[in-house]
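Just one chain follows, in the form predicted on its own, and it is written as structure tokens.
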Amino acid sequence: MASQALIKDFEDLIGKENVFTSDADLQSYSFDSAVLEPVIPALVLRPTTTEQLGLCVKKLYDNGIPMTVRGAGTNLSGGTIPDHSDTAVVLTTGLNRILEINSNDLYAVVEPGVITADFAAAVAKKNLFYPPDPGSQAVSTIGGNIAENAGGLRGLKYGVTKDYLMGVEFFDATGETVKTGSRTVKCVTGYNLAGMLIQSEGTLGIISQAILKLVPPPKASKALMAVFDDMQNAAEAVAGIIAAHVLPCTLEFLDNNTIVRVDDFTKAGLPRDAAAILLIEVDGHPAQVADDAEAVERVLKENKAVAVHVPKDAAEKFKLWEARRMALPVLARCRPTTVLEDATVPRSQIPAMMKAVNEIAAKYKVEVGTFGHAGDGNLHPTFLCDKRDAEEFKRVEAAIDEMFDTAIKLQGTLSGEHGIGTAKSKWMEKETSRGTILFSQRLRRALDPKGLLNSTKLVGI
């Protein structure tokens, strides 16, 4: 536990209103969106300036107090659960300013606590575009997006957070300021530390500022909904679209369980008797959009889509995409425990992975609703269960083990966007190698010799 004298020091440093030590407050920061046991921290700090953040990190380091940095806490792999009961949670939500949007040089400078959707909306007002759009964008923060390398629906065409990080400032474990990258398109000054920091899950440093690339918005777009009476036909259609060298902005998949439950809640008018639907959007120059939409529709029909629907207006299009974004919150209402995974495979292996997920669910007699970013191979099999039922949850864990084994056999990965944290760390060596784990641990110990930064996450220390 932090001493009263140290707590008083932090109150003097960042204000009493930004130091949280009550039981209720500590409980609130003991968990995130992963299905893991909570760990109650010793204290929670919410600095509101870059200077305060650096001083907090230095004071914690000097006193040997472990640190877990936290944005909105939406991550799904346990990355923001405190390591131990003596850990201090360092919130970045108080650093929430957009410092610059540069329309001439196409970049923005932001603090880590800026909410993703708010940033995208501010950029759009300048007729610019920030494509990364994680499902939690309404509450997730830019700092968290960087720490997890967040993706989203547009990842197929536009990439993920790492593709938009031009530079970053962060504090190392000692509270020393580190700057890397720049506002220029090209920069090869020193090591690519931004590349090292992204998806490091708070284990290598604490972000204080980021320079993000912006792009011009697409001039036109067209959405389609394809209906299938066989899930494998939908999966084959996904592979067929990519094989046809068409790159949609988004290419999303929902199975029947997800369709029905989402439609019950949203009243979006989804085809409830469909085995699966694909939600597709192409964008770009109007002529290219027309050509791509025609090619996509042709592939859909070749793969036995029973219907292809084009929204009649922007409102109907919004309703469809909003239904897709509601998939997780709707499924989460169905049972007491929701385990959302993001095993990812090469796009040509989507049909095999979808088939395997259904077979595994049947084998272990567990309920799964599957949706996700089918176009980039990133599926979200969502296990609906009750963790209090030990026998049921044991079957869910066995199913997840087999699912990850299958993804790796198909030359896929444990996580396309949710991260490793502690939830998936036990599978790391299966996908990588023992040498990878040891190298990563040596890197961490070199940068954080006291082992204070999120020490149990990823590969440990």
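We number the residues from 1 along the sequence you see. For clarity, every value in this text was computed on a predicted model and none was experimentally measured.
Below: the form predicted in complex with another copy of the chain, not depicted.
Colleague: Just one of Asp405, Glu431, Glu51, Glu397 has a heavy atom within 4.5 Å of another copy of the chain in the predicted complex. Which one?
Modeller: Looking at Asp405, Glu431, Glu51, Glu397 one by one, just Glu431 meets the 4.5 Å heavy-atom criterion.
Colleague: Tell me which stretch of 78-86, 328-336, 210-218, 262-270 has a heavy atom within 4.5 angstroms of another copy of the chain in the predicted complex.
Modeller: In short, 210-218.
Colleague: Check for me whether another copy of the chain, as it appears in the predicted complex, comes within 4.5 angstroms of all of His373, Gly435 and Val459 - heavy atoms only.
Modeller: Per the other structure, all of His373, Gly435 and Val459 touch another copy of the chain.
Colleague: Check Lys222 for me: does it contact another copy of the chain in the predicted complex (non-hydrogen atoms, 4.5 angstroms)?
Modeller: Output for Lys222 is no: heavy atoms all beyond 4.5 Å of another copy of the chain.
Colleague: According to a 4.5 angstroms non-hydrogen atom cut-off, is Tyr130 in contact with another copy of the chain in the predicted complex?
Modeller: So Tyr130 does not count as contacting another copy of the chain.
Colleague: Given that the partner is absent here, does Phe170 sit within 4.5 Å of another copy of the chain in the predicted complex, heavy atoms only?
Modeller: It does: once another copy of the chain is placed as it appears in the predicted complex, Phe170 has a heavy atom within 4.5 Å of it.
Colleague: Does the 4.5 Å heavy atom contact test between Lys16 and another copy of the chain in the predicted complex come out positive?
Modeller: Lys16 lies outside the contact set for another copy of the chain.
Colleague: From first to last in sequence, which residues of 186-205 have any non-hydrogen atom within 4.5 angstroms of another copy of the chain in the predicted complex?
Modeller: Lys186, Cys187, Val188, Thr189, Gly190, Tyr191, Asn192, Leu193, Gly195, Met196, Ile198, Gln199, Ser200, Thr203, Leu204 sit within 4.5 Å of the partner.
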